[in-house]
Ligand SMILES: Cc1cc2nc3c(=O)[nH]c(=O)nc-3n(C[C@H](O)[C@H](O)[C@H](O)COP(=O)(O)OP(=O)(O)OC[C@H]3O[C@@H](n4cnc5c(N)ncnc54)[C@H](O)[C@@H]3O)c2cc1C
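Next up: a single chain in structure tokens, the form predicted on its own.
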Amino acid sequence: MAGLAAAHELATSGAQVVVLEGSDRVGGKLRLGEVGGLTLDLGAESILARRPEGLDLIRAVGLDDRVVHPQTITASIWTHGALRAMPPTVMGIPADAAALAASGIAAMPEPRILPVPAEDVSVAEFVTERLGRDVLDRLVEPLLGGVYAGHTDHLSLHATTPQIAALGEDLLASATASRASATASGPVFAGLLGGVGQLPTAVAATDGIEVRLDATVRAIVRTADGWRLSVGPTTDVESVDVDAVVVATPAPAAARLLAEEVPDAAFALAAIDYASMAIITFVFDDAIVPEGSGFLVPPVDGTFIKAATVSSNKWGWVGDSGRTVVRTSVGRAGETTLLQHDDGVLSERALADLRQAFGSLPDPADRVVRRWGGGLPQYDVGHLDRVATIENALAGVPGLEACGAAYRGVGIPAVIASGRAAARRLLDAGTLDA
């Protein structure tokens, strides 16, 4: 989506854009697929509505009449043998002592009042020193696991949870005050009737954008008046000459492409790790499941799945099918052996967890496993320094930009913002006649 957002920004400013897509489809981790006769999202299925970039792009490509909002976002934590209502939090930091106590999820901590360090530290170090391990393990960890598929012992405080750092010295008091002073600001999340996987295709259809599929870029070389790209299979490489380039690939591929022209950026990119995960979607004909949008699972409890979303509760257009649709996710950073099981084993183990959490479930009418190998960049401690190194190195190379989830946010609005910013830098520099 970052590359498509950059292409859209450039094309609507008058540039002629070619999108060189290495796979057989556009959209990255936005993807539609059929499960049990229903067309559903097999990748990301919601957009943060409180950032404008996602909804702005939806409007720009004419999909605004399909915008929908969740019917429920009430989530649970599956821990201590039961589904327990998640109390109000700020990224897992308790904001209501009574609700936390009633939930039975974690013991109310005795907070330590400590200053926020100037240097970057892990989320685990920061939270544990102030609130203890129980809050970290059973509230913060499952939330971040759902977003980054990572571990708080490694994830950067400032890159992944600036909201926690902003609470200051007294986390509990500030979280409680933040909730008390919060005002309604509209829906938190949005989706599209029929799935957010429609967005990439709509963006790619913008006038001025040419999309070439199965067009792997193997090298980027500077020329006297622009850039030359080596494109296609090794047995039939084609040279494509362009005025400017936006590299919108995951960090490992970007590191290889930039190694010759921008070695400092390539070195920093190579230090960004990725986590693999899978989403397993089940469709049931006759299943009774609890109300609410789903649940998160603390990894300390040792379950196979890390989260489940009851899509037929969450999205009206899915529920209108009359079927019960449940999405489960598995896999975190470092759990490569878990994902080496075949699809049948993954789905059976996920289904066993669902049956334990929900009490009982019939056999599904259909199930689909969608693997996202290397799907989520890990914002480990020091991530923002690495990003600054990349950005500073690229700033000295006219006509070359980079964008994507590896830099300053993994959500849909964040990557759209990354792509648009890369395009604007090219346009503002006068690199293109647009």
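Computed from a prediction, not measured in an experiment: that's the story for all the values here. The numbering used is simple: start at 1 and walk along the sequence shown.
Below: the form predicted together with the ligand, not depicted.
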| property | result |
| --- | --- |
| Heavy atom distance at most 4.5 Å to the ligand in the predicted bound form, all of Ala82, Val135 and Gly292 | no |
| Among 122 to 130, 168 to 176, 98 to 106, 213 to 221, the region lying within 4.5 Å of the ligand in the predicted bound form by heavy atom distance | 213 to 221 |
| Listed residue (Leu426, Val17, Val410, Ala417) with a non-hydrogen atom within 4.5 angstroms of the ligand in the predicted bound form | Val410 |
| Contacting member of Asp380, Glu53, Glu45, Glu401, with respect to the ligand in the predicted bound form [4.5 Å, heavy atom] | Glu45 |
| The ligand contact at Ala6 in the predicted bound form, heavy atom, 4.5 Å | no |
| Contact test in the predicted bound form: Leu30 vs the ligand, heavy atoms, 4.5 Å | yes |
| Proximity of Val35 to the ligand in the predicted bound form, heavy atoms at 4.5 Å | no |
| Pro250: touches the ligand in the predicted bound form, heavy atom cutoff 4.5 angstroms | yes |
| Within 353 to 389, the residues that have a heavy atom no more than 4.5 Å from the ligand in the predicted bound form | Trp372, Gly375, Leu376 |
